[in-house]
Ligand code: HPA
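Shown here is one chain on its own, the form predicted alone, set out as structure tokens.
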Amino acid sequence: MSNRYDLEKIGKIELHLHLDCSLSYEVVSSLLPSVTREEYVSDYIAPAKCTNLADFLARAPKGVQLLQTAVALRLATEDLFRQLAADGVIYAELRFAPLLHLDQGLTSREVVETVDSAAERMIRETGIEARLILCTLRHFSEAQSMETVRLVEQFRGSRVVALDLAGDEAGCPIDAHIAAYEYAREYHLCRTAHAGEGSGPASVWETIKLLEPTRIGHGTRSSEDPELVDFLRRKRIHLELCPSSNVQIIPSIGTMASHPIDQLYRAGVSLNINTDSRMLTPTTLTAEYEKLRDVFGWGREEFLQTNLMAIEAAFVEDTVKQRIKARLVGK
């Protein structure tokens, strides 16, 4: 049995995955039939090496522009579940910013209802357990962030489980989003936030102090500050690491061999492996596992432990966690 076959068959957890940035060519061409595969590669996939996070995110609107109707949102959700099923994913959290999908008359509530309904149907169809995270964005106003967190609260009990802050970390301050995270804490809503991707350890410290998330989206550059690494380990703040995306975006990480995932894992930090965006960064979890195997010598133990850490940090009820853990360890 080949190593690739082994990695394809491993049950996988995906915690950091952007719906609107994970459109396959098949779904893009169904929504915009004039797009050729060559145009998809040149216009929808980000360069293998971007100047910075803002350069990477400049490609994201192409996908978002296609997702302005209920039909398009349903197709994108169904498409992503099919990608996950082919990748051996058994639990996933999909994230999107409802306020980005209002250009053709949908309300933010209708956007969430549409994705939630499609996810519910695909969970039953594929057997993949999944939840939804609603994103506010760095360039949003305080009012927009508050609208987003209130949607998380209003959809409590559905597949919607948490709030995230995404976007251009280096270009936009965090201040406008403090009130939304205070609201989330007051209403006991789960919280993650992007940090340590477009900026360094100071951004992670600031995010932890002001927003108090239990998880950090990326957090990759935390490795540059030993005190921060120790803090993350002691407080069990989980890092949603996205290796290939990080290599693509972060100038200081020139190759996979320079990625700090192995260093952080050996330091005892809670973390897992994610794809981030399967369109902007054309990858799968199987491909990520292969790279970590080839570069760092990771094997079944490392992949099992990081997936167990992922489900422990997941924004899902304990009964589901126990069921997923049993599948991971083969019981």
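Keep in mind the model is a prediction, meaning the values are calculated, not measured. In case it trips you up, residue 1 is the first one in the sequence shown, and so on.
This protein has a second form, the form predicted together with this ligand, left out of what is shown; the following refers to that one.
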- Could you tell me which of 265-273, 52-60, 27-35, 296-304 sits within 4.5 Å of this ligand in the predicted bound form, going by non-hydrogen atoms? 52-60
- Could you tell me which one of 177, 101, 215, 218 places a heavy atom within 4.5 Å of this ligand in the predicted bound form? 218
- Spell it out for me: taking this ligand in the predicted bound form, does every residue among 14, 88 and 278 have a heavy atom no farther than 4.5 Å from it? no
- Query: Does at least one non-hydrogen atom of residue 21 fall within 4.5 angstroms of this ligand in the predicted bound form?
  - Reply: yes
- Item | Partner contact for residue 73 in the predicted bound form: this ligand, 4.5 angstroms, heavy atom | no
- Item | Partner proximity in the predicted bound form: residue 197 to this ligand, non-hydrogen atom cutoff 4.5 Å | yes
- Item | 4.5 Å heavy atom contact, residue 112 to this ligand in the predicted bound form | no
- Stretch 159-174 - residues with a heavy atom within 4.5 Å of this ligand in the predicted bound form: 166, 167
